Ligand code: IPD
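Given as structure tokens, the chain that follows is alone and in the form predicted alone.
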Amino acid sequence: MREFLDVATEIAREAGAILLAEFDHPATITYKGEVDLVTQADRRSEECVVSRLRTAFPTHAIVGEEGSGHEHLAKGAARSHYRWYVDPLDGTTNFAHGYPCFAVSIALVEDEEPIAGVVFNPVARELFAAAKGQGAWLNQKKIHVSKIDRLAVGLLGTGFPAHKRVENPNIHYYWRFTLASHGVRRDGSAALDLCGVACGRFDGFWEFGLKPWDTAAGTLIVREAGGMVTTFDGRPYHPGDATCLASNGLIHDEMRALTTDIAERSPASPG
């Protein structure tokens, strides 16, 4: 397990250096959809990560965001129980606008369960890491979720999609959670939001429609820091599920109850 984490950490730092170098220059932007953008930095970072992972673990499958979600399969990879999820630049819109909140996220799953994960914010030089059963760290210092035990005094994080915004129900949740808590922050990087829960900066987080590469590393980091990550209906969250609800565990039931109430009141919400 340690070998996986050590290699992922080294690669995340290398990819982060690429992002920082690109961040000092005007972004070269193209679009995957009407508003879903991608930069040269996304592609350069992913090329670095995928290449390094292929060399280190030639029989593992690799799924990178800018590969359109398709697996990079080396010889023997189709038979492997191991799959890497790579988000080479989580927070692309932030990056393209010069807003310094973005990260590299790399996670290894075994039979769909995250077992090693790294999230690196190169601007803040913060590296979050976790290995299954071994705890979570920020820059090699052990971290733990907060001890806030009431939603009313909690600080939360969430996010909104770049596409199909009108169809997304999160505005109803944002309104209600804002009124029920100390406040809600929307920083534009799900990976960093989850790490914020893990280290106690946030007490909870929710979002819809996140991809496996957005959440695989952060999910493990939250759990290893003592927190909970489920779907809105309380099932254990697996990267790629339609809804994600993360917390310090102490306010999880309150957050779940509120999501249920919102879903019942809003016809636009998923059940």
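Keep in mind that what you see is a predicted model, and the values were worked out from it rather than measured. Numbering starts at 1 and runs along the sequence shown.
One more form of this protein, predicted together with this ligand, exists but is not displayed; see below.
Contact with this ligand in the model of the complex, defined as a heavy atom within 4.5 Å, holds for exactly one of Pro114, Gly157, Gly91, Pro122, namely Gly91. Interface residue among Leu151, Ala190, Val145, Ala131, judged by heavy atoms within 4.5 Å of this ligand in the model of the complex: Ala190. You can rule out all but one of 181 to 189, 194 to 202, 131 to 139, 105 to 113: in the model of the complex, only 181 to 189 has residues with a heavy atom within 4.5 Å of this ligand. Taking the partner from elsewhere, Glu224 is found to have every heavy atom lying beyond 4.5 Å of this ligand in the model of the complex.
By the criterion of a heavy atom within 4.5 Å, Pro161 is counted among the residues contacting this ligand in the model of the complex.
Interface membership of Val229, defined by any non-hydrogen atom within 4.5 Å of this ligand in the model of the complex, is ruled out. This ligand in the model of the complex comes within 4.5 Å of a heavy atom belonging to Leu210.
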